[in-house]
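One chain comes next, on its own, written as structure tokens: the form predicted on its own.
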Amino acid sequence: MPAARNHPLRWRGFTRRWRTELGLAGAFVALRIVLGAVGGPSLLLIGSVAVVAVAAFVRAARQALLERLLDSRRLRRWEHNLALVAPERTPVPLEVEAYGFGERGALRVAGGATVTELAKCSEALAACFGAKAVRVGRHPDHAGVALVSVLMSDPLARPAPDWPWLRRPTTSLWEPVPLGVSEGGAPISISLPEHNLLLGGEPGAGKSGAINLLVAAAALDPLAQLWLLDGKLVELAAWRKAAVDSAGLDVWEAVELLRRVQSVMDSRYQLLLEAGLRKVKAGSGLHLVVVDELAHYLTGPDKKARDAFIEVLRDLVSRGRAAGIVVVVATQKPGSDVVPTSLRDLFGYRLAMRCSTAAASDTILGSGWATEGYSAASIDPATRGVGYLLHESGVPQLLRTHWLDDDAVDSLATRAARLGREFEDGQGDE
């Protein structure tokens, strides 16, 4: 049975919600009538202005009081939940506030406790708050202060905005390359000079999307050289026309390509030695070597080819930084047989996208991160492109990468190939 359009309860709810405003409006009308009758136009004007000012003050005071009550209630809830998960050494909230996806606060951990210990309680805290997740991080300037975010909804459920460099005519790998956005919506970029990137995740996690961003940045840099090793044959196919050289399924072919890059590296070091320099100057041409899929080259039947591949790859990763050699390696089978510790620990950047197990996540990020709450196995499989990015001097940071669809990749690759030809023609004219 449909509700009556003018049901008295609807008007009662309306008047209750707006009782202050309705009261002020009624007082304003009554005061205007009285002042108009007693004092004339001048007193009417002055009185009207005074009433408006009082109304604005009352409304602002009411809003401020409500906010203080809400803040007080929020603080008590935080204190209660923290006492439940850490009854013996309860952190003290220094500041608590609401933000777009939930609440966040700065907590002073109890004496003798650490932020790491609090991070291990993140699941229990999420249950107490009734939240989707709780993130715990260390304050950058104070080891005793934890920065806690209580997420009532997933801020990374929406796709990241378009890649900021999508329409740039040219790029430079010496600039930080836009990679994605953080949970707070802040842009995340990575600086490739003197860094290498290890990337892993299960099929469909979004590894190819992240790789395409870095390859596009290199392909559109007139001074950069692009080398591609495509163990899946089709993932990097669109970029071959913009690359110096590429290799496919043949492992020995891939070894020879890496040896060519190794020769470039050795030649650069000889030039640096003669010039009395320790590393290439900023603005010099960088070489980006991309390996996708690493498992193909390290799990084949030919042991001699596997050993040769890992030997030259490890040499490029360990020695190539100062010579302007940047290596990006990706795998969808994160395991110790594919990513040995001796290789993983050479990578300054590590990006773990959705993994099937916490152990696979630790294979990329490093042992122990999963137990501290940074596990790519906890990422929602539906949110493609979400992963934990670890820098050599920090802690894993959750982000969602930008995405280039097939049409965008084809367009950028064609533009990059044309740009390369124009640059070569210009060099020839000189």
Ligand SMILES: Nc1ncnc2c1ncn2[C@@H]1O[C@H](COP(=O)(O)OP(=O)(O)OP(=O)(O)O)[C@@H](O)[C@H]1O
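Worth saying up front: this structure is predicted, and the values here are computed from it rather than measured. One-based numbering along the sequence shown.
Not on display, but discussed next: the form predicted together with the ligand.
Engineer: Does G204 reach the ligand in the predicted complex, with heavy atoms at most 4.5 Å apart?
Structural biologist: G204: contacts the ligand in the predicted complex.
Engineer: Might E256 be said to contact the ligand in the predicted complex, defining contact as any heavy atom within 4.5 Å?
Structural biologist: No, E256 stays farther than 4.5 Å from the ligand in the predicted complex.
Engineer: Determine whether any heavy atom of T401 comes within 4.5 Å of a heavy atom of the ligand in the predicted complex, and answer yes or no.
Structural biologist: Flag for T401 set to yes.
Engineer: Does N196 reach the ligand in the predicted complex, with heavy atoms at most 4.5 Å apart?
Structural biologist: N196 lies outside the contact set for the ligand.
Engineer: Considering the ligand in the predicted complex, find the one stretch among 232-240, 318-326, 124-132, 294-302 with heavy atoms no farther than 4.5 Å from it.
Structural biologist: Going by heavy atoms within 4.5 Å, the stretch is 232-240.
Engineer: Give me the residue from T171, S246, Q332, S149 that has a heavy atom within 4.5 Å of the ligand in the predicted complex.
Structural biologist: Checked against the cut-off, the match is Q332.
Engineer: Just give me the single entry in G209, G137, G105, P155 that has a non-hydrogen atom within 4.5 angstroms of the ligand in the predicted complex.
Structural biologist: Contact with the ligand in the predicted complex is made by G209 alone.
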